[in-house]
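The chain below stands alone and is given in structure tokens; this is the form predicted on its own.
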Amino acid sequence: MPERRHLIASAIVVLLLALLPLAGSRYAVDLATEVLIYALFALSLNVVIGFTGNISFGHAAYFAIGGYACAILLTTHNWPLIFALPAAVVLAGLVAAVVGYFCVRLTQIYFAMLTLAFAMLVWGVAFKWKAVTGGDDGFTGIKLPAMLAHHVGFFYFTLAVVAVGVAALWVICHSAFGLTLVAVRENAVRAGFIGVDTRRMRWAAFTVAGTFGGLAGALFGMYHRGMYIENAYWTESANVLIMVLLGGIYSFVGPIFGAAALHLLQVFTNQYTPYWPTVLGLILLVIVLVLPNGLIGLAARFKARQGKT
């Protein structure tokens, strides 16, 4: 169970976010909505990276599957949101389970490359299946319930869904299952000797990550009223991977800070300069050379120094 101070801090954050629309700034509300979606996306990837120690280069596949599935069910088949959203999430989870079945048979760079290969397969389907996905034109004009048509209504919906998603991931990652994943990450051979089915545990983690990645994708598609093949491309996977690394892979909340920091930095950089790729390259250099444990690691080092003074 989370400590009382963590519950209080979480409640304060949710309350402050809930009060954000009262400031009267649509820009701030829209920006917060995007940050919430990317925070959930990054947290889902960290189940694979931070808790099992595997690097996935194809997590955008489940993000795109969730987004496309929800968009198609809402718009093409006129499903109500209460059915379309869970169905899209389940589909993303099922695809992740199938892909993960093959991926977890490999480790290290071979695992990473196979996740990328499957992700590019999903991208290829989205690109070629134009009659369903819209191809390179994208799937636009997603229908939403009237209560979500306004940006404030959608913000509160996103806040509620993400809060539930983060709480669910917290329970999963801090349960016996999550602790077993950490044991597999630290020493898979030793975990296997004490009776842990390491392959099955990694498979379960991969499925959980894909499921919550699909939820983030569904929210993203509804927010932007469209899904595009770029959302399934490897650059989207790289983007969320950098968010996780920037925040700190061995911390549950690290990816949240990493997602917020990277997305806000990208938005503000693009407002004043066209050199965002250069800035992103510098961020990668800083992570590798200075912040191997991310922003959470930096905060821990600062706190340790303060304690010595």
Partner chain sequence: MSTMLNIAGLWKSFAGFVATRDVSLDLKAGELHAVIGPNGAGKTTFFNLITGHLRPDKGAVSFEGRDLVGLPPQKIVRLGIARSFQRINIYPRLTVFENVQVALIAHEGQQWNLFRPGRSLHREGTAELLELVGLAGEAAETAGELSYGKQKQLELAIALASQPRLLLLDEPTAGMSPQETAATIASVRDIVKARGLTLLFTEHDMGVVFGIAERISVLHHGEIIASGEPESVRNDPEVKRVYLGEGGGHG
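Positions refer to the first chain, counted from 1. All figures in this text were calculated on a predicted structure; none of them were measured in a lab.
Absent from the display: the form predicted in complex with the partner chain. The rest refers to it.
- Among the residues L159, L114, V166, A204, the one placing a heavy atom within 4.5 Å of the partner chain in the predicted complex is A204.
- In terms of contact with the partner chain in the predicted complex, the residue from V196, V125, A238, V132 that brings a heavy atom within 4.5 Å is V196.
- Only one listed stretch (145 to 153, 106 to 114, 185 to 193, 80 to 88) carries heavy atoms within 4.5 Å of the partner chain in the predicted complex, and that stretch is 185 to 193.
- Site residues I172, A176 and R200 are all in contact with the partner chain in the predicted complex, judged by any heavy atom within 4.5 Å.
- Contact annotation: T75 falls outside 4.5 Å of the partner chain in the predicted complex, judged by heavy atom distances.
- Although the partner is absent from this view, W276 stays clear of the partner chain in the predicted complex, with no non-hydrogen atom inside 4.5 angstroms.
- Interface residue remark: F268 is not counted as part of the site for the partner chain in the predicted complex, having no heavy atom within 4.5 Å.
- Shown without its partner, the chain has Y250 as the single residue in segment 231 to 258 with a non-hydrogen atom within 4.5 angstroms of the partner chain in the predicted complex.
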